[in-house]
Each structure stands twice: as C-alpha cells, then as structure tokens.
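Okay, so here's just one chain, in structure tokens, the form predicted alone.
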Amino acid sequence: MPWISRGARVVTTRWPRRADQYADRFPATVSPTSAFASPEMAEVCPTGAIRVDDDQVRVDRGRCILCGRCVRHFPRHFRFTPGSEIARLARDALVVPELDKTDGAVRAVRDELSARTRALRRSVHIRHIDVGSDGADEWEVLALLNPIYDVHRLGIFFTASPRHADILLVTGVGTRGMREPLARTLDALPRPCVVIAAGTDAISGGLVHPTYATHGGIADLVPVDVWVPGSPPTPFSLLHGILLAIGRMSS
C-alpha cells in the first residue's frame, strides 16, 4: 500500500543548500510595518521590546518573546515576519529598523570572527549548557539531532565535554548560581571557540529580568559572538546561528 512507504519515509531537509518551505515561511520575528508611532505601542509589550523614540518605533528582537500582543493590538503597524535566518553577529543588529552604524564596524566584527574560526569550517563540535531555561529552548536544540534536521550531515556534532568543543551554545537567563559553572565551561574550551546566545532568555533575560536570582541574559557573564533571537528559536534559526558562527553563511 502506498501510504505505508510514504509514512515510513523520513525526508531530511536540504537547507541551507536548498530552500525549505518551513524555514522560509515560519513567522520567527516581529517587525514594525508603518511609520506611525505612539507611546501606547510600548505599553503593550511585557518585556520592553518596543521602544518609541522621536516618532520612531523600534522592535528589539533580543527582548521579544513572540507573544503577539503588539500584533493583536496594532495589526496595521506590526506583523510577524517569516524566515529563519535571523541570527546576528552584534547585539544592536537585533533592533529593527536597524540603528545607525557604520558598514566598517559591521565588517570588522565579521572579519574578526571569520579569521578566528577559519579552522572550524569543516567539522565542529558543540557543547550546550543551560544556565536557567524553562526547557523550551532545549527542545529546539534537541530537534537538531532528529532525522528531519540531522545536523550531522553538515559536520556538526554535540559533545558532552567542553574540552572537545569548538562552540559553546548557551540557553537560559543566566542564573547567579550558574555563573561559575558557565565560566569554567568556557575556560575549558580549546581556542579558537565561539559563544552563541540562543533564545530571548539568553540574550536579554526574557519575561522577568533581572531578578535577585538571575542576570539579564548572559552578555555580562561571557563574551557572546552570535545572537539567535526567538522564544524559543526554531531549529532552523539555531542552525543558521551555528553556520553563521563558523563562516558558512552571511548575516
């Protein structure tokens, strides 16, 4: 019967070598869609991701938890934006419309990371560490190993030991109790290495930040090279961040 063979067949994505409908159409971010700006826009956001300055509204995707309140309250001025290639090499680059910056500064960051990770482009190992997540980010990280995404096809592997890792993938808000374990993990990585902040929690602290028990993300704890927004980021977004870190994709 044809449905048996069709159901048993696992189709592994060919992204990024080929386009993938899910990766291209998934609503992974929120964007302002008009020049209209009102202080009420900022008030509806529970994480302060929306800022209104000088009649200009901006969305900080590093703070956005994709709750959709801005889209529901102001459907003519905000929308969910499809696409999974949302990782950036600079924290400020997560703010849309983009803040003023020079092309030279952006190029310098890209060139420095490229020079540092040139030796990592064939095969890389990742050490994932959770420093205070709600578990959502971890499900997406785990999905990278299933037959759909199969990161092994790209020469990307997860390792239990930081001494064997090239990339430190960090999820969670950065609890104060994990400050020392995170620092020791980073110290154990051989050089060169890359640090990826995966998810809104790791970037900015998420919904509740900072508190007596948490930091506002991990930027004050370790130097971050790649920022992957999302709450949680999809496997495609995580994969884009990893490939961006090792110079296989552009930001």
Partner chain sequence: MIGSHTTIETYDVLSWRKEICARVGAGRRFAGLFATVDDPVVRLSALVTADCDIDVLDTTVPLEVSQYPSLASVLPSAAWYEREIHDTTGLVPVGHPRLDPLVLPLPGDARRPMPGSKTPAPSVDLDESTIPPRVLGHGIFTIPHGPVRSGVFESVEYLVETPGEDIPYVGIRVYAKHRGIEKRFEGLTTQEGVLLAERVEGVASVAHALAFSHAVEKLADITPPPRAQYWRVILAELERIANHLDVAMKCADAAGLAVAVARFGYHKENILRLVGAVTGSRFGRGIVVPGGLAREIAVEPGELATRLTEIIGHVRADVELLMSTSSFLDRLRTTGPLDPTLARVHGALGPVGRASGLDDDARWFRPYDGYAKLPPLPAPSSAVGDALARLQMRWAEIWNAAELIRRAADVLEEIRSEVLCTDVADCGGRAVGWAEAPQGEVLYAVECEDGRIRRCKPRSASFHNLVLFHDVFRGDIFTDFPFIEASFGLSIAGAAG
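Positions refer to the first chain, counted from 1. Values in this document were obtained by computation on a predicted structure and should not be read as measured data.
There is also a form predicted together with the partner chain; it is not shown, and the following applies to it.
query: Would the partner chain in the model of the complex be within 4.5 angstroms of a non-hydrogen atom of every residue among 114, 190 and 220?
result: No.
field: Selected contact from 95, 129, 156, 90, since only one has a non-hydrogen atom within 4.5 angstroms of the partner chain in the model of the complex
entry: Of 95, 129, 156, 90, the residue with a heavy atom within 4.5 Å of the partner chain in the model of the complex is 129.
query: If you check in the model of the complex, is residue 67 within 4.5 Å of the partner chain, heavy atoms only?
result: Residue 67: yes, in contact with the partner chain in the model of the complex.
message: How about residue 170 - does it come within 4.5 Å of the partner chain in the model of the complex, if we only consider non-hydrogen atoms?
response: No, no contact at 4.5 Å.
task: Spell out, yes or no, whether the shortest heavy atom distance between residue 11 and the partner chain in the model of the complex is within 4.5 Å.
output: Judged by the heavy-atom cut-off of 4.5 Å, residue 11 is in contact with the partner chain in the model of the complex.
message: Whether residue 179 contacts the partner chain in the model of the complex should be assessed with a 4.5 Å heavy atom distance threshold; does it?
response: Heavy-atom contact with the partner chain at 4.5 Å: present for residue 179.
query: Want to guess which of 200-208, 220-228, 30-38, 51-59 is within 4.5 Å of the partner chain in the model of the complex, heavy atoms only?
result: Contact criterion met by 200-208 only.
query: Mind listing which residues of 17-44 have a heavy atom within 4.5 Å of the partner chain in the model of the complex?
result: Read in sequence order, the residues that approach the partner chain (within 4.5 Å, in the model of the complex) are 22, 26, 27.
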